[in-house]
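Next comes just one chain, in structure tokens: the form predicted on its own.
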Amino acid sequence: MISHIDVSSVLRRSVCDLYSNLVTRPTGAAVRIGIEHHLDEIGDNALAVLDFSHVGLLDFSCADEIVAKLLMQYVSVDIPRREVYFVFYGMSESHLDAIEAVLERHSLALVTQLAGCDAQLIGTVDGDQRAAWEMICELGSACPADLANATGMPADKAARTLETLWRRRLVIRQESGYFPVRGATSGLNPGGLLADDRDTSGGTGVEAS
């Protein structure tokens, strides 16, 4: 399932109708809890497109509460909270400044994408992970042997790298291989997750309540 979550709508419903800025840690916590409630309803295997298009300011404390604390629930090596993947959509340069700072602080990474643009990987990733992720995006999907053949990476290393990217929720693991995490705006089916759900482009789709 793919679900579109308008972050500004969550802000208005969770905090105040008049707000468009994500500032202060309590505001960020309230918005994250609103997003978590929505994610709890969309199933154990899903792609959530978090849309920041209508968010004004985003400060460091809100980025830490919303982005870092949300991601950490799903990328835990020990007890991940279900198999949910994220695409961060509509982020401005000012949003990215705050988000990149918290990603670096917590050694996290995420996928961001704008309409009509390729997905981008930001945050803390090593060279092998980035090379593998970019190749997966180019190929559309790949198994470890495909990645090894395309990059020259040893097969066992390719398998470990893909598994690491999956645990970090940066690629989707299916029986047929690994798929890049990206929104439906690309017109491509990210790992078969489009099969169950709806349009996520242009700000339509499900809004978290």
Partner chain sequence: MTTIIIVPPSLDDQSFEQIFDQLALIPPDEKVLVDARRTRWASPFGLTALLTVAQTRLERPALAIPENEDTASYWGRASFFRHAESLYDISGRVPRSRQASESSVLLEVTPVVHTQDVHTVVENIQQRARAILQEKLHLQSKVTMRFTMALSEICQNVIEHAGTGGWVAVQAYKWQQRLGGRSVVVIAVCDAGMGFRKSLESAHGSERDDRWGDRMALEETMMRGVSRFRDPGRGQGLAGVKRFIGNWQGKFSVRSGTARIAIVPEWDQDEVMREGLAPFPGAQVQITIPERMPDA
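Positions refer to the first chain, counted from 1. What you are looking at is a predicted structure, and each value in this text was computed from that prediction instead of being measured.
Separately, the form predicted in complex with the partner chain exists; it is not shown, and the next lines address it.
- Residue-level contacts in the predicted complex: of T124, S94, Q73, Q120, one residue has a heavy atom within 4.5 Å of the partner chain, and it is S94.
- When the partner chain is considered in the predicted complex, only one residue from S61, N45, T151, T164 comes within 4.5 Å through any heavy atom, namely S61.
- Taken together, the three residues H4, A30 and L39 lack any non-hydrogen atom within 4.5 angstroms of the partner chain in the predicted complex.
- Although the partner is absent here, R25 lies within 4.5 Å of the partner chain in the predicted complex, judged by heavy atoms.
- The closest non-hydrogen atom of G56 lies within 4.5 Å of the partner chain in the predicted complex.
- By the criterion of a heavy atom within 4.5 Å, A98 is counted among the residues contacting the partner chain in the predicted complex.
- The partner chain is not shown here, and in the predicted complex it never comes within 4.5 Å of any heavy atom of R173.
- Stretch-level contact check against the partner chain in the predicted complex with heavy atoms at 4.5 Å: of 142 to 150, 62 to 70, 156 to 164, 45 to 53, the positive one is 62 to 70.
- Contacts with the partner chain in the predicted complex, taken as any heavy atom within 4.5 Å, map to no residue of 110 to 148.
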